[in-house]
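There is one chain below, alone, in structure tokens, taken in the form predicted alone.
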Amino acid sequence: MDSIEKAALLAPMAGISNLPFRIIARSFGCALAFTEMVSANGLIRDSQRTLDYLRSSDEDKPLGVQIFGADPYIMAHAAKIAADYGADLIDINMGCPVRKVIKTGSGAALMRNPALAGRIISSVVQAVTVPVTVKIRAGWSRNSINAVEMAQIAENAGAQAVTVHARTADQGFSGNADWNVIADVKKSVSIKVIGNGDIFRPHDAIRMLMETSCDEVMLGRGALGNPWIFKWIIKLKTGNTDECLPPPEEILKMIKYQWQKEKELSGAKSAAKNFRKHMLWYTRGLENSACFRKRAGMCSDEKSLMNELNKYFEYLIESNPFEYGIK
């Protein structure tokens, strides 16, 4: 963590933060990427499906592996497995608001159980030699904002950094993130604080750094279909305010590159099913994208999907002039 200064990181996102997506984000300047959250129970049971989340490469460094669970012993065991698989950092998920996670006492449910949260962090820290970080929410609800308390618990238990998603668990991903919570956490601990929530444009990242004094920022939804945002943040920090998306030729090239990586990772059939959402994110906001999205949604195989993609981008490239700026 010490080598990452005022950097932009890629958030762990379920069903999204796989190896191809992480490699692409890194190619544009993402300083640290995380796997999607990994079940501690799945790791200790040696589930192949769970272990697949740990797949990485030389291009995918440094790598944070995020684990979730509610049992200190199981979490410690799982953290050791992840470290043995090559994780450079272990992140503990205490912010996921999804029902199937919180009903097990994991994720954001731990915001309601600070004592257990502390035991989990301490157990994981003692189990591994790599840095341990914790991702929390502002609180469980608007009436129980306890991010400062949780961050202090994390620090006292040995965590090296805490990421604050500045929404409460009951907000999910709706409403606005309260960056004041991030600022309060930063004032309360000496470990690194990473701000997360409502960073959709490069200026949002710089504004969060300035308004909260956090050490780094973490991007989630703002990077979907827009890996270029990491490059823009770096440029903006040096005074370059150019924020125009690349021409359609470059967007198409990136889509096909990620598609190829997805196929190599999981096969064409699985890629055709799982990559469609990325294709829609890449084309969001482009001219007549709604028509393309409708046609692409009806495609069930690689050939038909690629035909629709090529036809759509041929149309965009032939449009003259073509300008696509930040909206």
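Given the structure is predicted, the values throughout are model-derived calculations rather than measurements. The first residue of the shown sequence is 1; numbering continues from there.
Keep in mind the form predicted in complex with a small molecule is missing from the figure; the text below concerns it.
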Q.
At 4.5 Å between heavy atoms, is Asn226 in contact with the small molecule in the model of the complex?
A. no
Q. Would Ala11 count as a contact of the small molecule in the model of the complex, using a 4.5 angstroms cut-off between non-hydrogen atoms?
A. yes
Q. Asn196 near the small molecule in the model of the complex, any heavy atom under 4.5 Å?
A. yes
Q) Though only this chain appears here, would Glu36 touch the small molecule in the model of the complex if you measure heavy atom gaps against 4.5 Å? A) yes
Q. Which one of these stretches, 80 to 88, 123 to 131, 218 to 226, 252 to 260, sits within 4.5 Å of the small molecule in the model of the complex when only heavy atoms are counted?
A. 218 to 226
(Q) Can you work out which of Ile16, Met306, Ile23, Leu316 has a heavy atom no more than 4.5 Å from the small molecule in the model of the complex? (A) Ile16
